[in-house]
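This document starts with one chain, in the form predicted on its own, laid out as structure tokens.
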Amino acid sequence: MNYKSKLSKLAEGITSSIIRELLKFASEPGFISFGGGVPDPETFPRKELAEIAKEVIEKEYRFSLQYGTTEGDPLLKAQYIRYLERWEGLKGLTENNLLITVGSQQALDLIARTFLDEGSIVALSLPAYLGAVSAFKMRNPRFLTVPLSEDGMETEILEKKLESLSSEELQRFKFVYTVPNFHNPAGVTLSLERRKHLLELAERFDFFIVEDDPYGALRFEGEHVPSIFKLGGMDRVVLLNTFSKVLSPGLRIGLVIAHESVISRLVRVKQGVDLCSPSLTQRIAARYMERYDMLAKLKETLEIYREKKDVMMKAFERHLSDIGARWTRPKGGLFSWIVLPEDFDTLEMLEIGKEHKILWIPGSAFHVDGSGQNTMRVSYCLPSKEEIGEGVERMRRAMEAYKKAKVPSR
């Protein structure tokens, strides 16, 4: 049977994730990976989760081993509402404002299925989170790209682009997608002024904002900035959260916080996707939140990431300053973004990187317009501090080898 001849147009157009492919190399002996945004396993509260899992299976098996509702575990929702009130000062939320998903990637997929048609228009940053781009591309929309600066998405440019749209195009304009805190891949944070400006634009041009916030709780420097959801409310903002970076990605738990009219629509779509999220992992997370202060537990994790970030920044200063490289200096999250001189192609250079047993994510993967060849995303969360120092040295050697082999002399 030639199954390829039966493929849909959608399936034919899907390519493998470069991040997933590079993770295969990362497991080989001797490799140092700055690739995936994979949390340090030593930060997982494995003993606490093991004890809770045993209890939940033995004592709550009628719930934890059974099908659940599409909307999600009511106990986990209640605990998360308390968490949001403490962390973000969000009040007045009910269970009807929350949907529990299989990771935030499913939340992105559900949003795409619910709101996007072929030809719909979506605004996002350049570079943009690869997972969101992949989910949205399934619906074949048109992307309106907005550059990033140290203060996040340049909403001033977004305003000009919106003003240039025709009335018919504005009707097809659905939402702005943003990762406001410690952006993936760029590591920058959207300033308070630009958050307010984005909300003003949403009112003026009648669109909503998808605020994807996996990293907001991972701030290790500077002052907390109120979420766009906190500033604008659920009439204009859909907030996405996840347990993957603050507890464990293996639980595969994401959340959508939105107006109940949005949640009800997403629930209908989710019913056709997987019926419900796993009851077991939801109840384990709920009991964990019931017994432990998740934010307090994060303090040790944040110190680990801050130290690793500092080691990486110092290594960049030593090994990359003299080649014309620029990089972001994140105050939280998991990533930094490197911009090399324009005669570098970090995807092409990756083959040399593999020879030196060092991996990064080429920046072109995060650009929907095909640009970004001279950029790369690097993560400091998984390697040890010693590996970070060695890895940056290997990266420099790979750059020198690439320049010698590929870049014409001037």
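Numbering starts at 1 and follows the sequence shown. In this text the structure is predicted, and so the values were computed from the model without any measurement.
Keep in mind that the form predicted together with a small molecule is not shown, yet the notes after this line are about it.
Subject >> 79, 279 and 283 all contacting the small molecule in the predicted bound form, non-hydrogen atom within 4.5 Å >> reply: Judged in the predicted bound form, none of 79, 279 and 283 sits within 4.5 Å of the small molecule.
**OP:** Tell me, yes or no, whether residue 141 is in contact with the small molecule in the predicted bound form, where a contact means a heavy atom of each within 4.5 Å.
**Re:** Heavy-atom contact with the small molecule at 4.5 Å: absent for residue 141.
Original post:
Can you check whether residue 174 is within 4.5 Å of the small molecule in the predicted bound form, heavy atom basis?
Top reply: No, residue 174 stays farther than 4.5 Å from the small molecule in the predicted bound form.
Original post:
Given that the partner is absent here, does residue 308 sit within 4.5 Å of the small molecule in the predicted bound form, heavy atoms only?
Top reply: So residue 308 does not count as contacting the small molecule.
Original post:
Could you tell me if residue 227 has a non-hydrogen atom within 4.5 Å of the small molecule in the predicted bound form?
Top reply: Because no heavy atom of residue 227 falls inside 4.5 Å of the small molecule in the predicted bound form, the answer is no.
Original post:
Taking the partner as it appears in the predicted bound form, which of 308 to 316, 177 to 185, 269 to 277, 112 to 120 has residues with heavy atoms within 4.5 Å of the small molecule?
Top reply: Partner-contacting stretch among the options: 177 to 185.
**OP:** Identify which of 72, 332, 127, 214 has a heavy atom within 4.5 Å of the small molecule in the predicted bound form; exactly one of them does.
**Re:** Of the listed residues, the single hit is 214.
Subject >> the small molecule: the contacting residue among 134, 97, 145, 244 in the predicted bound form [heavy atom, 4.5 Å] >> reply: By the 4.5 Å heavy-atom cutoff, the listed residue in contact is 244.
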